[in-house]
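The structure tokens that follow cover one protein chain in two forms, given apart as structure 1 and structure 2.
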Structure 1
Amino acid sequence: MSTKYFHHALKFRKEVCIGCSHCMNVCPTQAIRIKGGKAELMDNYCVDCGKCYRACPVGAIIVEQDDFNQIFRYKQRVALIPSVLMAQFPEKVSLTQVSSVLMELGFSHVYEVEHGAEVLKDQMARYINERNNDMPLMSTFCPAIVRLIQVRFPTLTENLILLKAPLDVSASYYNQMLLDEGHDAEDIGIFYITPCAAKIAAVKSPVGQEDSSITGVINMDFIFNKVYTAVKQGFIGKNTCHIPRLDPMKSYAVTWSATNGEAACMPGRTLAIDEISNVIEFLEQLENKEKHDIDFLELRACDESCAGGILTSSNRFYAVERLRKRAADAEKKRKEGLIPYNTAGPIVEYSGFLQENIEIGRIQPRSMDKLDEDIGEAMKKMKRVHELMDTLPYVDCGLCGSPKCSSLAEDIVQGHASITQCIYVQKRMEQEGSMSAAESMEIMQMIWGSEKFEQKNKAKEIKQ
């Protein structure tokens, strides 16, 4: 398990961390440990869902982004924006306004990534109609869920639909379109405005693809603050006379990133599940072969899907309402003839090229439960884990620096921890006379840092 499989957008700042263990306790894949009073990330367990980011009370966990100024290295600077960005703004703020500000900030092109769904939708439906087993197929839209399946439910990787997400489809389209216009490849920079950490990680180390068409990733909260400030202060149009070309989106594309956005467009019996704990609960049942008779699963890591991303600024419920209202308005305009109902956007003109390049390679399982590459050795280690569990209390208190007793047992077998880190084992050893109170204290200081135990004098003062 020494090989690092994934790039991670979540970064832990040890100089800020206070070792409170909030992050460890909320992590759905048990990817965090406490050592020396600081949180440490186990790279191959993390899926970049961002629950730790939200739980940290001191801002010790940050989300990386590319330097905004790198956009100016390119002559053609494309901002790929998700529809959920528009849902961050009050309804009076238009797509034209937001796009104009983005161009004033330095972008030469603005394009909504959900246009990619116009090419992807039929391909996904075909995939589902041609499935050859009774297990539901699963979307690869949410990269945190793809990684979750790789590390926690590796037997289910075969059920993932091996097609690119709308983001990648749109990036491929725009890159090819600019090439066809005569621009040199080295002059094209495509930058995605992301609502979450998982999409950053997916761009930096794509799953099922060798590389990405996306040049860089910029955090949505950063862009939102810049754009909304400009809109409120009326700076639109003062630095440029460029009017962005904005293609109208189909209503289903507008809500594609919302919960039930994909599922509502797919054939057969479908189910949409959001929030990673709910997804885990369902996949545990699915992995146990419980019968569901479902054709397609839309799985999202965040509550209310992308509207609940950790880099969004607006309340997720307001954001979803805005998405649905925008979709309804788009449908109304088509029905009223204000937008030709069956008009295909320019991306569909590239459907042949995109469909030739829409498939991704097999997604490899990366089981976090794999104790060793050698099956025989792994069986020995698993036996040792079960033996250790017989000596542990099954209370999952986390005082050992691992989130669960089972995590501690695995850490011990892998040589990353000791049985004496368990406070219950320590107390038993103290009773037996095989460990002194001083030795027990030394172990706890190793886990939680000496600072926490220097509070004893203050406690005595309070008691007095």
Structure 2
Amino acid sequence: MSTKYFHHALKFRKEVCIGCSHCMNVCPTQAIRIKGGKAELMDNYCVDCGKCYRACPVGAIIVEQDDFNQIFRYKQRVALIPSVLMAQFPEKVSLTQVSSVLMELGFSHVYEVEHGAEVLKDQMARYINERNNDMPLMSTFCPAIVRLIQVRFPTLTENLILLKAPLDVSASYYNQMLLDEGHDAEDIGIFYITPCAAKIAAVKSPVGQEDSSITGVINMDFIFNKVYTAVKQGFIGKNTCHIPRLDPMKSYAVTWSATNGEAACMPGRTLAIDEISNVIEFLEQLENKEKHDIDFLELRACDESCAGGILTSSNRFYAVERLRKRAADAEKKRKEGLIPYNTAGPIVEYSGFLQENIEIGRIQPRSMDKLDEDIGEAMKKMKRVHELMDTLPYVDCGLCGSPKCSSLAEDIVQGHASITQCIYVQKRMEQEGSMSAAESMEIMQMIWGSEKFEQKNKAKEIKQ
């Protein structure tokens, strides 16, 4: 358990945390505990879905980001923007306007991430057709889902489609294009404007890839605030006429990151599932099967997919509507001949190179359910877990500092907790005379911090 497998973008600020346990209760992988009145993250269980970030009432959970000024270390400063960024703004704010503010902030290039889907789409479809699997093949688009499958559904890792996500395709393209223009590799900095924490984690410790062409990650809320302030203040970009490569995206690419964006483009019977609890419910059933009617599964951790990312600012349903409108408008313009139908963007000129490098390595299962590496030890621990479960009340109240009775039982056998942390056990022990009220209080303070008990000396008055 000492090996740390993942980089996490979500950081818990102890000095701000009030130990309210909201985060612990919403975590879909039971990765959070409360100790000393503060939330603690069990690194290897966390998949960076960001549910805790949303649940925290005091902003104690932050999404780590690279210092914006690091972009100036590079001569070529590329902002890779997802279509979800554009969908944050009212329609009257144009892509050119947003790009010109980004240029004003210091970027030298702006490129839309989903252009990568224009190369990826046919590769993915071919991958699915070639394999003709009994089990559905699953997209690796959402990094939180890839991690979820690694830790919770290890038998399903073999069904992941081992191709890069559009972001990595776009980053490879832009990097190569700049190299071909004669720029030195060390002068190129490619920065992704991310709507979620999972993408950051995936860039910092890529799964199935040696390294990433992406230099750094900037949080979308930061960029949104900068851009929207500038737009509101009537900023008119000086650089507007110099913005390179803002090719119109294919309609399917615009909506690629929305729910059913990928699934609508894939062959056979497809299914798109968003929101991590929905995904868990489906995968739990899928693991029992060796054959399934569905050919392709699109799985996304956030409700409404990337539009529901924790770093977005606009209402997710509204953002999706804007994405769909943009896609429909582009389609209409193509039909009216205002945008050429088949003229491929410059990324397609690189499709040969990109296709050669589109595959990623095997994604390793990292089961986190195991109680021990050694089956004999695991067996002993499992017996102990079941014995403990007979003692625990099955109410999942969380007062012990673990999210569920079963997680407390597992924490105990792993040596991280004690049975006396259970309030029901404490009450029984008090009644049996084997624990004093003072001892019980001490344990509760150890879990929840002494502060929570200090000002409560008026409890008696309140009771009356």
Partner chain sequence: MHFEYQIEGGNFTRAGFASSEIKKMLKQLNVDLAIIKRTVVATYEAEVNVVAHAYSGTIYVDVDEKKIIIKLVDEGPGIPDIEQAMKEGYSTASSRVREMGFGAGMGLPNMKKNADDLKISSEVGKGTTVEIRMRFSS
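Basically, rigid core = biggest C-alpha set you can superpose within 1.5 Å across the two forms. No experiment lies behind these values; they were computed from the predicted model shown. Numbers follow structure 1, counted from its first residue as 1.
Matching the description of the form predicted on its own is structure 1; structure 2 comes from elsewhere.
In this overlay on the rigid core, Asp67 has a C-alpha that sits less than 2 Å away from its partner position between the two structures.
Superposition of the core reveals a Cα shift of 2 Å or more for Gly433 between the two structures.
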